[in-house]
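Heads up, the chain below is alone and in the form predicted alone; it's given as structure tokens.
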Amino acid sequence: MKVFRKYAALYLMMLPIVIYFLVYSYYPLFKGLQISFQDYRLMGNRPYIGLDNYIKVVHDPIFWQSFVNTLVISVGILLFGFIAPLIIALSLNEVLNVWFKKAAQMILYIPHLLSWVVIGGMWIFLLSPDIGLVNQLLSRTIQLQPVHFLADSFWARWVMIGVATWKDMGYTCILFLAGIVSINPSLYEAARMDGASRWQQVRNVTLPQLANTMKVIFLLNTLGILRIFDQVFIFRNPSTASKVDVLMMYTYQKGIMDLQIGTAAAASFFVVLFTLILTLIVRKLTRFDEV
């Protein structure tokens, strides 16, 4: 009680935030859990049916196909979305021209500010087999026939991975650069006195010192990979749906399109469960608790 009185002002400042999360995060979560055990209807009685919704989801082959699609696309986004910004951040760190470095960061960051609707419109135009810039370049450089990137089931997943990586590359790159800036300069001076080349400085100083930042970014990216939805909703079409429909798309179709709200709620809690398991695995593999 004495501690509460001492920090009463801080607790009062936290109160609106706690109320916000209780109302807009935890109440919908518990409400969704309740609905997942009900035969939920928009009107009339909503009887409890136990685990029927979960059993229905588990026995649905479309759910498991969506699960596989989610894993393939999410792992691709996780790996490329981590490695590409890291390489660019290390490269920009070697650039001595401050103006060029700032301009490159700004250009890379702009896509992160755009909504998926805008991003989708841009890339649908760029990947168009008739007038798209990508097909024009491929045709003129290596004489490749126009590729229907958005209608080909093979390329559809790569489009999801590539565009998602491109969109958030600038944001993640800035986080890496912030971590690099915080490295003690005396470590580089000591390495140079020992005759270390630029690559040896990166390998023996920058990367080890950046390890904790990399762990945090990798875990943050892991938390959201199973919730991908916007880009799939924008880019999917009937010819590629079987290869790109993910778990959140399955939940959307069940809940909004088919009005099977109880089934959709059960599927959404599988996403929560898978995310929890994946996060625990990543924490263990990266030794996150040692950060």
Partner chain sequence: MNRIRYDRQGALNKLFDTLNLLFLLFLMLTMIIPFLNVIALAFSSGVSSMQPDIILFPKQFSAEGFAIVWNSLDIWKPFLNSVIVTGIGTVLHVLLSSFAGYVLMHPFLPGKKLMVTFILITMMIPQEAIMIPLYVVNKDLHLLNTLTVLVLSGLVSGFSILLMRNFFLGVPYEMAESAKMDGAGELRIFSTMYMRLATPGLATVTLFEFVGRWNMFTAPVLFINDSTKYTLQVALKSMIIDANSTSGTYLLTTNVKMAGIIIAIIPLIAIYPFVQKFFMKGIMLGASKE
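Positions refer to the first chain, counted from 1. The shown structure was predicted, so the numbers you read here are calculated from the model rather than taken from an experiment. Here, rigid core means the biggest group of C-alpha atoms that superpose within 1.5 Å across both forms.
The same protein also exists as the form predicted in complex with the partner chain; that form is not shown, yet it is the one meant from here on.
Visitor: If you check Ile62, Val68, Ile55, Ile256 against the partner chain in the predicted complex, which one has a heavy atom within 4.5 Å?
Guide: In short, Ile256.
Visitor: Of the options Met193, Val98, Ile107, Val75, which one has a non-hydrogen atom that comes within 4.5 Å of the partner chain in the predicted complex?
Guide: Result of the distance check: Ile107.
Visitor: Contact with the partner chain in the predicted complex for Glu189, defined as at least one heavy atom pair within 4.5 Å: yes or no?
Guide: Heavy-atom contact with the partner chain at 4.5 Å: absent for Glu189.
Visitor: Answer with yes or no whether Ala264 is in contact with the partner chain in the predicted complex, where contact means some heavy atom within 4.5 Å.
Guide: Although the partner chain is absent here, Ala264 would touch it in the predicted complex, with heavy atoms inside 4.5 Å.
Visitor: Gln136: heavy atom within 4.5 Å of the partner chain in the predicted complex?
Guide: Heavy-atom contact with the partner chain at 4.5 Å: present for Gln136.
Visitor: Does any heavy atom of Leu29 come within 4.5 Å of a heavy atom of the partner chain in the predicted complex?
Guide: Yes, Leu29 is a contact residue.
Visitor: Go through 121 to 129, 141 to 149, 204 to 212, 154 to 162 and give me the stretch that gets within 4.5 Å of the partner chain in the predicted complex, heavy atoms only.
Guide: Residues of 121 to 129 come within 4.5 Å of the partner.
Visitor: For a quick test of understanding: in the predicted complex, does each of Ile49, Thr240 and Val244 have a heavy atom within 4.5 Å of the partner chain?
Guide: No, the whole trio is out of contact, none within 4.5 Å by any heavy atom.
Visitor: Where, within 22 to 51, is there a heavy atom within 4.5 Å of the partner chain in the predicted complex? Residue list please.
Guide: If the 4.5 Å heavy-atom criterion is applied to the partner chain in the predicted complex, 22 to 51 yields Leu22, Val23, Tyr24, Ser25, Tyr26, Tyr27, Pro28, Leu29, Lys31, Gly32, Ile35, Tyr40, Leu42.
Visitor: Kindly check if the Cα atom of Ile19 is displaced 2 angstroms or more between this form and the one not shown relative to the superposed rigid core.
Guide: Yes; that C-alpha moves by at least 2 Å between this form and the one not shown.
Visitor: Is Leu280 one of the residues whose Cα moves 2 Å or more between this form and the one not shown, with the core superposed?
Guide: Shift at Leu280: below 2 Å after core fit.
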